[in-house]
Ligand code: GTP
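Heads up, the chain below is alone and in the form predicted alone; it's given as structure tokens.
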Amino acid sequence: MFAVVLVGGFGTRLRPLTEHTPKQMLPICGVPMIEWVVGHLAEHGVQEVGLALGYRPDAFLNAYPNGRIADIPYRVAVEAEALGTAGAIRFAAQEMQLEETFLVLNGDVLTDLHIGALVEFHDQHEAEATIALQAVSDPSRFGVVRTGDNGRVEEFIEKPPAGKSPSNHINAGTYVMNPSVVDRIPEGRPVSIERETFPDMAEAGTLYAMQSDTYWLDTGTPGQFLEANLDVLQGRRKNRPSMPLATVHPAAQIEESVIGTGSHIDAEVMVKRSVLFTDCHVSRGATIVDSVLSDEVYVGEGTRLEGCVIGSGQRIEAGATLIDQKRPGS
């Protein structure tokens, strides 16, 4: 089966990490997020993927010049302008000439969803499109789905007010689609699949949804991105890659953290529940807690960072104390 992965967004909520890098190229325990997404698809029999690109397509093409990601081939469709989630799907499907049932995934969602079970559910119910659902404690930030006993979607509400949701099952960002869905999406303007296409299909009775109880995480904010890294470290994901190669002084204390390739951690440093990208330097006596540091960040002696997100190339002077701050990169 073919899968379209939506990776065209600007990742504004993840800034400054995404100032120069698409969010799907950010590292989860040293491995770009897109490889986690595509690798999961490969494990479930997907043989080729298409990247629906917008922001910084060169980052993907330069990182995977041999035309393969996670050892399966990929194609690209690059939007000249942002077309929304449905518009991006239509554009990619037409560019790639998709004429059979295909998968669509949000490229910033990490999941252990059983793809084969979703496709089987779609086929059994003769659906036009099928959504994977996930139960969450606060559905107000997502598209909420209410289904009947047979899985047919009766109501699709994008980001309902807190306490007003008809269900705690949300759109998990993985879909099975027949080619006819593409014909439902208007051309020539941005179209939201969550606010237009899915509600219209629910009204038509052709949209179905399958509930799932598996690992699932939207990585759209720095806190969620940090959580994704910690989940791998703490064994909540089924796969754990080899950790990056960094230089860590024996007198440094590293707890539940990822230290990127080429980084140097000096003596008497504490790094706790944090992620450092490549080529960072943390000087003696510094403390970093619940923070994310992009590439080539220098942290001066005795500095304390807590709850911070630091952009690439930043220099934090000795003795500074930063709490819950974002520093844009160079």
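None of these values were measured; they are calculated from a predicted model. Residues carry their position along the shown sequence, with the first being 1.
FYI, the form predicted in complex with guanosine-5'-triphosphate isn't displayed, but the following is about it.
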inquiry  = Considering non-hydrogen atoms and a 4.5 Å limit, does guanosine-5'-triphosphate approach A52 in the predicted complex?
reply    = yes
message = Considering non-hydrogen atoms and a 4.5 Å limit, does guanosine-5'-triphosphate approach A82 in the predicted complex?
response = yes
ask   = Does L6 reach guanosine-5'-triphosphate in the predicted complex, with heavy atoms at most 4.5 Å apart?
value = yes
key: Partner proximity in the predicted complex: N229 to guanosine-5'-triphosphate, non-hydrogen atom cutoff 4.5 Å   = no
ask   = Thinking of guanosine-5'-triphosphate in the predicted complex, which stretch from 65 to 73, 22 to 30, 261 to 269, 276 to 284 has heavy atoms inside 4.5 Å of it?
value = 22 to 30
inquiry  = I need to confirm a contact call. Of N106, T206, S165, N178, which residue comes within 4.5 Å of guanosine-5'-triphosphate in the predicted complex, counting heavy atoms only?
reply    = N106
inquiry  = Between A127, I170, A202, A88, only one gets a heavy atom within 4.5 angstroms of guanosine-5'-triphosphate in the predicted complex; which residue is that?
reply    = A88
ask   = Taking guanosine-5'-triphosphate in the predicted complex, which residues of 258 to 291 have any heavy atom within 4.5 Å of it?
value = none
